[in-house]
Structure formats: structure tokens, C-alpha cells
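So this first bit is one chain, no partners, the form predicted on its own, shown in C-alpha cells.
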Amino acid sequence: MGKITYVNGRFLPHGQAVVHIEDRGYQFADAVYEVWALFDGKLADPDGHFERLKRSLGELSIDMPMSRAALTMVLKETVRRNRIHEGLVYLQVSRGVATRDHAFPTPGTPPAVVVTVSRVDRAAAEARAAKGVGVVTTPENRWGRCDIKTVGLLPNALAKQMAREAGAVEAWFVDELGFVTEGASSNAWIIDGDGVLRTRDANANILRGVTRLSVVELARKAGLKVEERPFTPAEALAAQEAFITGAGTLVLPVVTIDGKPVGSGKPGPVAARLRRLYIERAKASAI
């Protein structure tokens, strides 16, 4: 069986899955998205992702396309039809299809919904986590509402490409005050010289990461001191450890920044422990 995609009420072969040319997500980036990690065919951190989806849609005045129960059924059915047990589930909801006009379309225009599933090689992911990855820094140039998970990701895509060309995995945006905001597709963390776990506060212009919140809770439960306080690239280089979090990366150690080593230049014990704790929690709470 080939890959199956859900588009606006239909399950279609991936190669035949299309959206209308006047879908507002395509023409205006007038859409939001969510990504769930998939463990043993189940959706990780379900409550956090559904709540953030609802908030993102509400901030843009886009209607929920269906009830949470119905949407859960669509997500799970897409997973089932693709026979993928370890992977990522991508959901996109746009304002819908309408004649091109910057202003919103007529009230009642139905949102457009797309769901895809991709496979993740967990063994390869664990090997990468054991080795650690590099990040590069780049000036913050995104809009002022990064708390909304929109598909307007051109600055993120350019930053990711810059990272790839530099042999790194992620790019960290740095604001006008010299502080790291977050990664192009992840939240940024360090364990500073005092052993304090630090990440940017959610009131800053960052995405309110679902994995980030889970890691904050897990770290505090494990007795680690956590401060939602910004840090500079220089502080990150001087830190004991650094790592990133996200549905795709889970907890992933960072061992170089702009080509320079963080700490020993190897993954540290705190990031490894938090990765293990997060995976255990994600598997236990998945639906």
C-alpha cells in the first residue's frame, strides 16, 4: 500500500492529494499547523497539541474544522491507513478556498484540512542524539507573533538551509538584545555553569512548544532547577550542556554552536536523562 493523505474529507493516494490553487494557506500563508510525534502508532502529548491548535486558530479567527473527537478519528485513521508506528503526524488547517482577496472570505467558508504521516527511524534518531548536533546563530527576522503556529515559515526555512549549508542541524534566532529566542523548528535550552536549566520564557516572541512544556514539568519533577530566562550565544558556549526540544527532535543535545564546542563538545548527562524521561512520558500518555 502506498502513502495515504487526508484532504478535506477524503483519504487519497499521496500523489493524487491536492488543494485548490485559491486555498488561502497557499496564497497568503493563512493557515496553522500542528505536528504530533507518533510512538507505537499513538499520538504523543495529545492535550498540549490540541489545545495549541485551538489557540492558534482562535488567534487568527479561523473556525475549528470539526470537533476534537472527530479530528482525533481523522488523525488516527490516517495513521492506520499508512501503517506507520513510529513517525510524525502533520495537520494543516487553512481559512479555506475563496477568490483571492486579502480580506477574509465570506463567513461560513469551510476551513481546509490536510493530514499527512511520515515515518521516523527511531534507531537513527537515538544514534544522532548519542552523538549530538550542531546549531548556528542568525539574526531574528520573523514577525511578532511567533506564538501562533502558522505556516508562514519562510524565515525559518531560510535559516534551516543556512544551517544545513554550515553542516549543522538547527539555527538559533538571536534578537536585537543579543538573546537567543528559539530555533527554526525547536525551542532552545542550556544548562548553565550553576547547573540551572534555562530556556526563553513563553511571554517572549517564541512558539509555546508542547514538548518544551513537558520537559519543563519533567525537569522540575526530577529536582532540576528551571528558569525561563534568556541567554546569549556566549552564555550557551560557556554552558555545561545545551539542547533543543520539539516534536521532531524530542530532546536533542547540541554539542557545537557556530562551529565552537559547548562544554566538553559531547552530549551531557542532563539532556540524555531528559530525553529518556520525555520518551517514557510520551509513550505513557499517547492516545
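Quick caveat, the model's predicted, so the values are computed rather than measured. Residues carry their position along the shown sequence, with the first being 1.
There is another form of this protein, the form predicted together with ligand PLP, and it is not shown here; the text below is about that form.
Ser185 belongs to the set of residues with a heavy atom inside 4.5 Å of ligand PLP in the predicted complex. Contact check for Leu75: every heavy atom lies farther than 4.5 Å from ligand PLP in the predicted complex. Mapping the unseen interface onto this chain, Leu207 counts among the residues with a heavy atom inside 4.5 Å of ligand PLP in the predicted complex. Among residues of the shown chain, Asn156 is one whose heavy atoms approach ligand PLP to within 4.5 Å in the predicted complex.
Proximity to ligand PLP in the predicted complex, taken as heavy atoms within 4.5 Å, picks out 211-219 from the listed stretches 211-219, 76-84, 111-119, 194-202. Contact here is defined as any heavy atom lying within 4.5 Å of ligand PLP in the predicted complex, and by that definition not a single one of Arg128, Arg275 and Arg281 is a contact residue.
Note on contacts: among Tyr33, Phe39, Phe50, Tyr26, the single residue with a heavy atom within 4.5 Å of ligand PLP in the predicted complex is Tyr33. Residues are counted as partner-facing when one of their heavy atoms sits within 4.5 Å of ligand PLP in the predicted complex; in 133-151 these are Arg142, Lys149, in sequence order.
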